[in-house]
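Okay, so here's just one chain, in structure tokens, the form predicted on its own.
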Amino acid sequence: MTTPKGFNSKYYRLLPVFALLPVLLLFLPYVSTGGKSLNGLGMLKAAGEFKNAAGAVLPIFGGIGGLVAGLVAAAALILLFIFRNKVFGYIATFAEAFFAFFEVASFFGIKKMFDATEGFGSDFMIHDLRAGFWVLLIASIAGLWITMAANRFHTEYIILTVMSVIWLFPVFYITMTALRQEGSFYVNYIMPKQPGLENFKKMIFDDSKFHYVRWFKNTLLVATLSCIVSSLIVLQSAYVLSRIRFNGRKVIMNLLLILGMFPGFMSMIAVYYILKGMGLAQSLVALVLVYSGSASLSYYVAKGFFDTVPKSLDEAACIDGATKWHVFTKIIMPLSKPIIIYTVLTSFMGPWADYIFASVILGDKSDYYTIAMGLFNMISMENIDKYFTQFAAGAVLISIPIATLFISLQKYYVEGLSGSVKG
């Protein structure tokens, strides 16, 4: 048997065995109830008869899903042996993974369904589940492992895929909620029955109760100004601490590092009274001062980057008559795009999503509310049931600028210092 390029021949020769799994799924005995043994087809039929039983959907879901996943795996393996294309091997791997998942789902569905109809006792795993179920469950997991090994498909990919699904589910849920036109806070489904953009239109154009556009402008103004001021402070502080040696340098670095370990909200009451004494409380200027005032506490990441830039560049520029400011602006900054982008993103994202400082400083000054404060008011006790879908729409809208900013700037993360120096 010729092994396709890139496959592990040791495991590749075992793959035809797992093409038989969908057939076994249909005919091996799953469970025994009332003296009658049920195979895969019988389980699907029994689940259909118990339409109103709690959990009946799971064995149907598990049986049909397992059957489909098994057939896909078998078809992919057959095509793999015909065309010798590694893509079919990847398809078979993921199909086997779904096959194993559906077997587990079917197991819990069987237990729940028959518990509701008193078809099984507490010891059903020992007396009522038949060998076919365990054979298929073990074989599906083994098939997943064999196909992964044959494809040289590392387990890290599966783990990362699962983590990605878990991470993306809240995003998917809040987006589906934003598209749901039927009201109320809690519903027992995810996909909207009447999808539409009505919630987005209300958030943007209807300001009779909530002033989303005004909140957006306030947040954009505060985040932009804070980003500019904070980035300048962080980059200049980090460069000075990286390049210039002066008395008390290490003491300042250690002091800033220790202060940076304490969460900022520990000082928010004191900060509020200082701002109030200056006549700046309940204003957007106060927010900009708060967000950018402690920027230098985050110097250590930028300093670590500047430490990797050869000092010989500074020395050569100084010999040619350049000042420290010229070295910083004309030489170091053009070579430091990754750390500049990192600093800009972190300085922008903090004010954009902050609620704690905004709520303390702005108080009841609704004209100066930021997005975080405005959206929080939308899910208060008296508003949540009526405006939750609009809240979801507002959350989706506010995430678009951050996502756009990150996507447009993330390419600079991969730029190396050596390429910049050579250029």
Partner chain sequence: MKKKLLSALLCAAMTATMLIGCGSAEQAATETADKAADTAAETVVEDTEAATTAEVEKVELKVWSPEDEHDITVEQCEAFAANHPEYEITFTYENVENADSITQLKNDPDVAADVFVYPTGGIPEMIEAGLIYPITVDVENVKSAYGENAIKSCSSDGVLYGIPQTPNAFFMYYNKSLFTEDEVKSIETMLAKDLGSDVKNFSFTISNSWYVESFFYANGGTLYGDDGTDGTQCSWNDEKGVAVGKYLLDLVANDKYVEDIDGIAASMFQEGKLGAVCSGTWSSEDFKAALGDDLGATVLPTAEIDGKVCQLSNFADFKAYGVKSSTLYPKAAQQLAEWLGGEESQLKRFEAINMTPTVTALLENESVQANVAACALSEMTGNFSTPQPTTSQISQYWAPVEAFGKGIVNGDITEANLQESIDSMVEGVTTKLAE
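Residue numbers count along the first chain shown, from 1. Everything numeric in this text was worked out from a predicted model, so none of it was measured.
Same protein, other form: the form predicted in complex with the partner chain, not shown, and the subject of what follows.
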Of the residues A131, I319, I82, I269, which one places a heavy atom within 4.5 Å of the partner chain in the model of the complex?
-> I269
Check each of K201, K337, H211, K330 and return the one that places a heavy atom within 4.5 angstroms of the partner chain in the model of the complex.
-> H211
Heavy atom of S37 within 4.5 Å of the partner chain in the model of the complex | no
Answer for V360 alone: is it within 4.5 Å of the partner chain in the model of the complex, judged on heavy atom distances?
-> yes
Spell out, yes or no, whether the shortest heavy atom distance between Q282 and the partner chain in the model of the complex is within 4.5 Å.
-> yes
Does the 4.5 Å heavy atom contact test between Y186 and the partner chain in the model of the complex come out positive?
-> yes
The partner chain in the model of the complex: contacting segment from 83-91, 269-277, 220-228, 70-78, heavy atom within 4.5 Å | 269-277
So which bits of 317-350 sit within 4.5 Å of the partner chain in the model of the complex, heavy atoms only?
-> none
